[in-house]
Every structure is written in C-alpha cells, then in structure tokens.
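The chain below stands alone and is given as structure tokens, in the form predicted on its own.
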Amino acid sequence: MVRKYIYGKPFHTEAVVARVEKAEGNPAYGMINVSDGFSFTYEMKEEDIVYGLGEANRGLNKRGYCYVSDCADDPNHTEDKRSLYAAHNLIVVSGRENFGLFFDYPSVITFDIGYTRSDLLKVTCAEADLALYVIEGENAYDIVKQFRKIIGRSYIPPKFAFGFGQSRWGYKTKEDFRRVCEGYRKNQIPLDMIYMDIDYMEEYKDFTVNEENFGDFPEFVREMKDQGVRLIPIIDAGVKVEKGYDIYEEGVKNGYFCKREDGSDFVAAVWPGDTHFPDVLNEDARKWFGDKYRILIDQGIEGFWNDMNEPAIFYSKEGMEELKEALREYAEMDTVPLWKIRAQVEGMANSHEDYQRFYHNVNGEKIRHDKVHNLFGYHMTRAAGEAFERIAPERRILMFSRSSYVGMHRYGGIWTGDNKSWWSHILLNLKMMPSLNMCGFLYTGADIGGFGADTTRDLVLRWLALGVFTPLMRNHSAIGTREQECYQFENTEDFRSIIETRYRLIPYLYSEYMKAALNDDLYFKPLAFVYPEDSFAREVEDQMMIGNEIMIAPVYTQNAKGRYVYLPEPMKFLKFSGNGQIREELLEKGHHYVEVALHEVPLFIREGKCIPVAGAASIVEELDTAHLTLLGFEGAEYVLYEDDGVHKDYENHKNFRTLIKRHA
C-alpha cells in the first residue's frame, strides 16, 4: 500500500508517474515537524536494517552514517563523503516494522541514519515543500517492488550494450581508436564498444567532431562498426560560449539557457571555457537540446553517455571576481594565510553560491537552481530520451548518465562516476548495485579497473570478474594514469578468459535484466530479499543474488587466493576459466572457503535451478543462442527471454521459451 502526504507546495519532479491519492494527516511511522523546514524522525529498533539511497557511499545497510542528497562532482569517493553524483531519496526500514519512504524533494536533503544518535533515523531539509510517499508491505522486497511500480518502467538498452566496452580519457585521433580495436581483436578479447571522451569534440563543443582528427566521421563510424565496434560519444552539460557556434547562438536567440536573476545568460567555466547551461527543466529548451543528438545519430552513432551534469562548475565569473578581490587583500598582509587561500580556490568549484546565481524557467515561473539542483542530470538525460522517441521511435539507443534523480531511470542508466583504482572500490561497486536497482536504475556499472590513480593487473582482473555481472561492463581510466586496456598486461589470455565468460553468460544476464525491467523487479538483490528468515543472510553485504537463479561472491582483496562465502541453501559452485572450462562442485548450506584464481569467474547456482550458457563470441551479435548449454541442477527449467535486441516489441510471447536441463 502506498500513501502520499503533501507538505507545502512541492516542485513537481515527475519522479512518480502512477496516480497515488493524497492521504490526510501524517504517516503512521515516525514524527513530522514542519515548524522550521521539514524533519521526519523515527526511533529505530536494534535489529532494523535500512536499505536504499541508490548511489550512496558505504554499505548496503545504511545505518550508522549520514548521507546528503546533493548531486556533487567529487571524484574522491572516500568513506567520509556524504554526497556523490546522484540523489535517490528512497529508504526502506526492515525489522519489526517494514515500511519505505520516498522523499520527493529536489534540493539538499539529509539522511541521518543512526549517525548523531545510534537509534534515531532523522531526515531533514530546509523547506517544508515536498511529497512524502509511505509504502507498507510484508517485507523490504515487497516494498521495493511497490515503489518500482509507481515510478515507471526502467530504461531498456539495446542488446549490444551488454557487451564489453573500452574507454579512456585521452583517445584523440582515429589512430587511437583503431589501435584499441586492433589490440582487442589481435588478442581475441571480445569487444563491442569504444567510448569517446571529450577529446573527440572540436574545442569541447557539444555535438561537434574535431574535423582535423576525425575527418569524414560517418565513414569512420562505419569503419569501426564493420569491425563489430560501436563508438559511444560523451555529451557534456555546458554549451561553449562562442560566436558562430550554431548551438550557442540558437540557445541565446531563443532564451534556452539558464539565466541570472537580471535575465542575462549565466556563465560558468567548464571544459570549453565559458559555457551556458541549457535550461533542461524548461520543456521547450529540453526539446531543443534533445533534438541535437540527431546530429550524431545521423552520422551512425547508436549510443551516448551524458557527463558533467550535476551540473559541474569549475568556477563562475562572480566566483572568480571574489577570489581576485580576496587575493588583493591577502597581498597587503605580512603573513599570507595559505590554508585560507587554498580553501577559497578549491571552494570555487561546484559552489552552492554559484547554484544560487542562476534560474530555470518552469512553465513561466522563475525557479532558482539550488531549489531544484538534483534534477539537472535527470532532465538532461530526459531531453535525450524524449528526443530518441522522436528521432528513432522503433529503435533502442544506448544512454547512461553520471548525475541522476529518481525518474531518470526511465530514460537511461548510470555509471557510478570517477572512482579510483582502489580495492575498496570493487566492494563499493558491489554494494551500490542492489541499492541502485531499488531506485529503478537497472542499467548500471562502475569504471572497471578504476578511473583515477594507477591500477594493477590483479585489480583489473578481479574487477572484471565482478563486471561480468553488471549490465554496464566498461573499462575506463583517466588521462595521465597507467594504461589499463586488457591487452596492456602480460598473459592476456587471463583477460580473454574473463571477458569471454561475460559473453557466454549474456543469454542469462540479458534475460534476467529484461524480466526485471518488464516486471518492475530487481536484477541485483541482497541475500536478505530472497532469504528473509535467514539471520546470516541479513548480515551479508559482499554477496548478491542476480536474477532468480544465481548468487555472486566476487574476490575484492589484494593477493587473496579465494574468499569465505555463506550459502543460505545448497548450491552448485561453478568456476569459469580459460578455453571454455567450467569446474563444478555441489556445496551444502553453510559457510565455506572457496579458492578462485585470478583468471576465474565464480558463481553459485541455487538448488533446483539452471542457467543457459552460450559459446564464446567476439561481439554480442555473433552469440549463438540457438545452441545453449544448461548448467545447474538436473531436471530444472529455465524461462529464457530473447528478442532482437534492437526494437521495442517487449511483450511478445514469442520472446519467451522454456528450456529444460535433461538428466544425463
């Protein structure tokens, strides 16, 4: 059961699309106070687990820390960070009482979940203008599925997007991309996509291509596709201020950019230098900006990734003037306060003062950006998603974003941003996945190998073994870091083995993804959702269920030869290794230590279940799904979902077929 409570005058975010009648009074759980802003307070029981918050730091159980929904461009994801790139304001309390809360509030909102006081859950925001959805259910899983029903179907990408992709900030020429393609093909490592970071553009201008380095771009797109590789370009939020640049001039002429209070176009410095932000909360501007994706689609592009859309700001004109004035004052001092100067310089980026300096036009009403800050990335991706329906209504186009809010899940997936080549970030990647699924984001993944810092061979291999199971599987790294394409390391056959395993599992992974999307369900689940009565399962945070048949338990510790796992029921333990070899062992319910070599991919099949596996292929389109092998328990059945991976005929009964693992 879902109830909606309205406080003040909420901004209509369109996160919830189902009709939910307004309830009178206050929720049956906790206490509401609107005397000074808004606060919700609930006294937690000792056994309560708190799930949710999507892309958030730390654990699967959010108890014990403080989280702030305030979309932030911050690449240093250390344990003390309270805000990341997204705002996903769903929490689910699971214990003696089971209920979910979605705070539909597009500005800064704080979730103190046992941080200030260990037994107190307190949610606060500055203004009492929000919609609060309260969801009651039998358990946490039931509550999440009800929430998924009211927010609308999750984005469904084309099937090629389940292949492996390679990315790096620093690919600048055709030869760079050809070299990457050749490196993978020469070493017989599967590859479906190469991503184009900001250097493919002409002076970082959206929807342009550097003609000097990418002359006859449509022909180059065809050349790469002839080798089975799709190019996936980045689109940034800021539009370069430059006379003669048609997108800039159109936006200025039609008033499609965010404005200062005096009505002038707001200016912020990002990669191109001075930029304007398209006012994607304005329906007309959103349509205009979205239609620009056609420029690249008409040249053969079939997918995009949206970036810098918190929106990220290096500095504003106003912020730079304030810094200059401060430096002039410091120059008169006998002792220069370096710590203060450093703080002021660093504070120029993504400052809340700048977010108060520009406005959106929403249905004729001027809305200051900081009041709706968390919606920008959502609506930028919405602009693209709505445009795709006009440009190519029958086809699926790949789209994922860095910043997001609940509701954006209908238009694209997300990647979890600029992580680091740290072992701890493999574990953070794993723990985020079910939380993101709870908020509707199914097409998700992290930068495998780590974006920032120098990676190591074993870190990339272990991370790939987790990435085998994430719908978005992309190796991505920053300019200036160690090159981490899979062919850059010794014994490339180990990398080939893991990525081939991904392709062999795509029939199962794609099928389970589609079932989750079509049924408003989860692709990744905490063990506790499947085994709610198992006290051990409730504590496990480094193992996850995928679909309805398997459990994964990645190795995420340096130099480890294996790991301990807990099995809530008897399961078959499988290890995929090179040359199509699969080792299989039946393990009883309980605790086990399992050995996993660097080139192996482990998974566990639930009792009475089976999964389909294909032969290896170099690209998704070459997978032979007519001759699948079933692994698991004899006599088990599996319902396979399979479509053409391009069009949108999802509900066709012909997409389903039942496979039976026959007795030997």
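From 1 onward, residues are counted along the sequence shown. Because the structure is a prediction, the values reported are computed rather than measured.
Absent from the display: the form predicted together with alpha-D-glucopyranose (GLC). The rest refers to it.
- Contacting member of 198, 252, 587, 128, with respect to alpha-D-glucopyranose (GLC) in the model of the complex [4.5 Å, heavy atom]: Selected option: 198.
- Message: Give me the residue from 115, 536, 271, 330 that has a heavy atom within 4.5 Å of alpha-D-glucopyranose (GLC) in the model of the complex.
- Response: When alpha-D-glucopyranose (GLC) is considered in the model of the complex, the option within 4.5 Å is 271.
- Query: Among 132 to 140, 88 to 96, 252 to 260, 306 to 314, which stretch sits within 4.5 Å of alpha-D-glucopyranose (GLC) in the model of the complex, heavy atoms only?
  - Reply: Going through the listed ranges, the match is 306 to 314.
- Task: Report yes if any heavy atom of residue 410 sits within 4.5 Å of a heavy atom of alpha-D-glucopyranose (GLC) in the model of the complex; otherwise report no.
- Result: It does not: once alpha-D-glucopyranose (GLC) is placed as it appears in the model of the complex, residue 410 has no heavy atom within 4.5 Å of it.
- Taking the shortest heavy atom distance, is residue 504 within 4.5 Å of alpha-D-glucopyranose (GLC) in the model of the complex? Although alpha-D-glucopyranose (GLC) is absent here, residue 504 would stay clear of it in the model of the complex, with no heavy atoms inside 4.5 Å.
- Query: Would residue 379 sit within 4.5 Å of alpha-D-glucopyranose (GLC) in the model of the complex, counting heavy atoms only?
  - Reply: Looking in the model of the complex, residue contacts with alpha-D-glucopyranose (GLC) do not include residue 379, since no heavy atom lies within 4.5 Å.
- Is residue 542 close enough to alpha-D-glucopyranose (GLC) in the model of the complex to count, meaning some heavy atom within 4.5 Å? No, no contact at 4.5 Å.
- Determine the residues of 452 to 477 with a heavy atom within 4.5 Å of alpha-D-glucopyranose (GLC) in the model of the complex and present them in sequence order; the list may be empty. Heavy-atom contacts to alpha-D-glucopyranose (GLC) in the model of the complex: only 476.
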